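One chain is shown next in structure tokens, namely the form predicted on its own.
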Amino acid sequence: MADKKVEAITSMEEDFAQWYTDTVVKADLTGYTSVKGFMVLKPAGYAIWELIQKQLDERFKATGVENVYLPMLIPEGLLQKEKDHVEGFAPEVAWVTHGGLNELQEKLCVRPTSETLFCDFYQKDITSYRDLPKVYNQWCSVVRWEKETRPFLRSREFLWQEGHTAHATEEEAQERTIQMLNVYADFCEEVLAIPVVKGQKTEKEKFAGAVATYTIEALMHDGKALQSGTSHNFGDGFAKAFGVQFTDKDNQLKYVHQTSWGVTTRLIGAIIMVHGDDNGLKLPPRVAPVQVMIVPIQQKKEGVLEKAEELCERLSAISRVKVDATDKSPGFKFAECEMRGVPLRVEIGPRDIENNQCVVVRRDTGEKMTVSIDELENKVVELLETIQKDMLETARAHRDSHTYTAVTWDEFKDTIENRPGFIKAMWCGETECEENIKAETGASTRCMPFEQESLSDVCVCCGKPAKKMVYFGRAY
């Protein structure tokens, strides 16, 4: 590649973690700040989040979700009301102790998540079965004081959405929990081109205070798992702790059943690590802020820039398109285009104009083709769809070829050491065994998939009778 902008990118094979950091920085997605673990989302990074937010929000609203906004500060006393919940989050909480120059009578926690706030709100807002269900969501940021931070994957403040719903019955709550998990799974596959495994978290891995936690798990290029979205059924535990009751049709006072579900800017990290290569980002068209970049060749020659602008105007009706009219060399522009993950590049120069054609280049495969200018709109629509589908299939093929089965303990240990990826194995259901597996191999239970298989009759680790087939893996 001429004028190689990406020479400072470490190759994936050499050091995947460094490749990731280099890509984030070189693609200009984030910037560092004066407070460790707090990042600036630059225009290129925030634009991806906006597209995620817009398309997810549409899917939420199609299921009856309404958006609200609750405060970011939680009184300490409110946080203490649900014992398991507060214990789960205590190590990561940031506290506000002063208002101006005055010490506060009660410390305020900067929300790490908003279950307690929603419960407090619902306790005042719900009195009758006629008030139910409440199907609310908020788009906001949360703060968790992580020890180790990495852009998108683990930052101390991150953007997310958190859905919080209240229902009259256990069945309705469970139905909503699974419904939202399916919304996430479909979104990841259809929009982000990331295939996921759906399943339930073990007792050890579930959300603090939940009855059950369900997850979508994705496999990154380096064979590590990434939890990409979770949906929790809270039962009536939070309702009892916060006194969220309603009078039912039979005039009996009952507790509501609640759910909570969320995804975060961590999804951007998933996009980078599932699709990227040694030239940088590779964005699926549906979340690419710029889907088509037009690069004028010999742009100072008469008519070239004008033609590029004309093509831009035509393509703007069907895509997110820009012209790179900077004074950088074409080679540098090509490299920058690749680095930023733009799905399609259109090159137009004097000779192309003469021949009523342009050169179109796919970011995902590098394939170049000559296209008649008259046919450009049709070709761009067709290619963007093809790229979207092909990227999902490529990611699925990678995941499937890096998903292994282990029946014996020796097989499990050998696989986790030598073949990074998901490992399907049988498990006895005991937390102690789960902890032993993690202590010895670094692999955690990712989920008990909905699609169960019987690989053997006994647990891969302890040899006791098996209860579940589990996906294991080392994870981010």
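Just so it is clear, the model here is predicted, and its values are computed rather than measured. Counting begins at 1, following the sequence as shown.
Missing here is the form predicted together with a further copy of the same chain; even so, the following discussion is about that form.
Comment: a further copy of the same chain is not present in this chain, but in the model of the complex one of 305, 318, 360, 104 has a heavy atom within 4.5 Å of it, namely 104. None of 212, 312, 178, 94 but one reaches within 4.5 angstroms of a further copy of the same chain in the model of the complex through a heavy atom, and that residue is 94.
Picking from 347 to 355, 220 to 228, 154 to 162, 267 to 275 the stretch near a further copy of the same chain in the model of the complex, with a 4.5 Å limit on heavy atoms, gives 154 to 162. Contact annotation for residue 143: at least one heavy atom lies within 4.5 Å of a further copy of the same chain in the model of the complex. Residue contact check for residue 130: one or more of its heavy atoms lie within 4.5 Å of a further copy of the same chain in the model of the complex.
None of the heavy atoms of residue 236 is located within 4.5 Å of a further copy of the same chain in the model of the complex. Although the partner is absent here, residue 205 is not a contact residue: none of its heavy atoms lies within 4.5 angstroms of a further copy of the same chain in the model of the complex.
Contact residues in stretch 57 to 77 (any heavy atom within 4.5 Å of a further copy of the same chain, taken in the model of the complex) are 57, 61, 66, 67, 68, 69, 70, 71, 72, 73, 75.
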